[in-house]
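Quick heads-up: it's one chain on its own, the form predicted alone, in structure tokens.
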């Protein structure tokens, strides 16, 4: 009787004072909009919109202070690694699905209330939901832990002017053979034969896991994946095979056989905007930079060229709330607030930060920037390589990247499949040892690679 009376009084108070609540099972936690919420992100370009989020939320909720900080990505990941286990994490952080499993599986991340889970399941595309289900220490099955903020496939960029001047068609290469052919025709050398303008810019150095991710793109096109599941549901390296040799051969041929890329020239987005490479592969974030800083740059984007298969890498980032957060209901309210259409569309249009909400009409953005479309319109049978939801996946990717980036410099690997196989076998032994150390190594053949077939309709409104 007393419990029923208390519930009735609580409900009356909520109705009278307009206090929303988040439910957790049979309990209800009242959302009191007072206090400070700290937010960390690993991408400084997001801050233009986050500054508006901060201003708007604080204007609507004068009792709340938002402290939003952005860091360089590797610094951000290191700060998380120190602060989360120490109970000193921010109230919200936005990170990738290859970073967060280590914190969820060890019980450091709060489960969202049912209302947030329902919000994600009703507003976000099925693909991003599928790769954002994780299993905590008390979970019977994987579930939603965060609010997705981006979901993006990598595309290939090509310089239309360079292609035109090189006698190439106004389209990206469709196959690896065309990559080599187009690259040789687009490359430019000085009198001594030194490469001055690359035919293609490959990811050769930089953040470790990024090197492995870009290698995975070629690996999936060759029919492999970095990791794969065995029949017992565990994992092992899936690149010490012909697919791995073919993927590594692609890099070796570009660098040492056809000499359409080099360690000695500028790379990636900076090289492309300055006309120092004809092609490179990336997410969509360079597009608004090119539109604003180099409006005369003629470029196009396309799905990736294929070999045995067609495919690319796909990843997401989501907003998570750690258990150390003192006011979780307020934190979830803030995370849901900055995932409103008005902010998501601004991130998409101005930063190429692709929101995976499917209840928003993006047709105005796609009409203004058609180069975005190639990340959503997939051909039949196109594959998306995913990060496996494993605690040591970042360690695996980082250590693999160290080995493979050293192999890129070895010109003796040209037309040397046995040499490449030896390097990949040593790397796979290291990968498998990490899996063994974490109780994740599987025996036998890989029966399930870490790719999915790209959805024919991802749900975005063009």
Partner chain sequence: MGYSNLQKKKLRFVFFWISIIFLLYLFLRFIPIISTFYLSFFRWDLIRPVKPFVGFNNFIRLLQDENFKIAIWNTSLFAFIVVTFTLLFSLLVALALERKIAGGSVFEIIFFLPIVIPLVPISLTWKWIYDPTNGVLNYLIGLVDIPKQGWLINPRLSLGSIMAMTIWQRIGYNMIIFLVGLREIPAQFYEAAKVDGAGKWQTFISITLPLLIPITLYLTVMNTIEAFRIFTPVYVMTTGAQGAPASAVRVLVMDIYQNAFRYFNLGYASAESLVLFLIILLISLLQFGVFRKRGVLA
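Residue numbers count along the first chain shown, from 1. Owing to the predicted nature of the structure, the values given are computational and were not obtained by experimental measurement.
Form predicted in complex with the partner chain: not shown, discussed below.
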Exercise. Please state whether every one of the three residues 246, 253 and 312 places a non-hydrogen atom within 4.5 angstroms of the partner chain in the model of the complex.
Key: no
Quiz prompt | Partner-proximal stretch of 228-236, 78-86, 174-182, 315-323 relative to the partner chain in the model of the complex, 4.5 angstroms, heavy atom | solution = 78-86
Quiz item: Which residue, 108, 71, 134, 382, has a heavy atom that falls within 4.5 Å of the partner chain in the model of the complex?
Solution: 108
Quiz item: Of the residues 267, 197, 336, 291, which one places a heavy atom within 4.5 Å of the partner chain in the model of the complex?
Solution: 267
Practice problem: Spell out, yes or no, whether the shortest heavy atom distance between residue 394 and the partner chain in the model of the complex is within 4.5 Å. | Solution: yes
Exercise. Evaluate residue 399 for contact with the partner chain in the model of the complex, applying a 4.5 angstroms cut-off between non-hydrogen atoms, and reply yes or no.
Key: yes
Quiz item: Looking in the model of the complex, any heavy atom of residue 209 within 4.5 Å of the partner chain?
Solution: yes
Self-check item: Touches the partner chain in the model of the complex: residue 218 (any heavy atom, 4.5 Å)
Solution: no
Exercise. Taking the partner chain as it sits in the model of the complex, which residues of 408-444 have a non-hydrogen atom within 4.5 Å of it? Please list them.
Key: 409, 426, 430, 437, 438
